[in-house]
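The chain below stands alone, shown as structure tokens; this is the form predicted alone.
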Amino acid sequence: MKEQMTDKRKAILAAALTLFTERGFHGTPTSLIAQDAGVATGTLFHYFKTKEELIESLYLDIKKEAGTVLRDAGKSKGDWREKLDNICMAYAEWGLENARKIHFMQQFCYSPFISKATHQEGVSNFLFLIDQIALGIKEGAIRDYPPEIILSIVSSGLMTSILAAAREKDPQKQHKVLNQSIDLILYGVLQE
């Protein structure tokens, strides 16, 4: 029974992700989300009381997933720069495989549909990166600017680069765009 509930929730979130990125918030009625998810509208409201709650849940799920990918990449061996490269590339590759999720995050990150508390909860998945950036600043590897600003600039640049790479059909071109973008973005924050 619990597995069936999880499957319905996942189906609703997957349908919402597709429809919100294609049609926007206002162009996506909950009845259409329920229809695409293969559930009754009442079932959708059983899991999410409002459309705003659905957006916030989707946002938090995506942020958690991305944070896990980055945290795992940060556990890699190597010096500080290698770890930074691994984190950026892991995010880029995850984003390329999940371009719709990147699009959704760009679309709703600063949207009034995401409450300040939900935004802060989503960002909490990346706080370990603030600590890594602060360490890089302390060691003289990263320019001495507020770590939160550096993280915001790097993540925004990476999201834009991922979406640009996703438009390429050839996987080699995709990786070229990502590698060049990561190099350019990191060039701006590193002391090298």
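Position 1 is the first residue in the sequence shown; the rest follow in order. These numbers were taken from a predicted model, which means no experiment stands behind them.
Keep in mind that the form predicted together with another copy of the chain is missing from the display, and what follows is about it.
Only one segment in the set 121-129, 149-157, 34-42, 63-71 has residues whose heavy atoms sit within 4.5 Å of another copy of the chain in the predicted complex; it is 149-157. Among heavy atoms of residue 80, none comes within 4.5 Å of another copy of the chain in the predicted complex.
Although the partner is absent here, residue 103 is a contact residue: one of its heavy atoms lies within 4.5 angstroms of another copy of the chain in the predicted complex.
At the 4.5 Å threshold, heavy atoms of residue 24 reach another copy of the chain in the predicted complex. Contact check for residue 11: every heavy atom lies farther than 4.5 Å from another copy of the chain in the predicted complex. Shown here without another copy of the chain, the chain has no residue in 114-134 lying with a heavy atom within 4.5 Å of that partner in the predicted complex.
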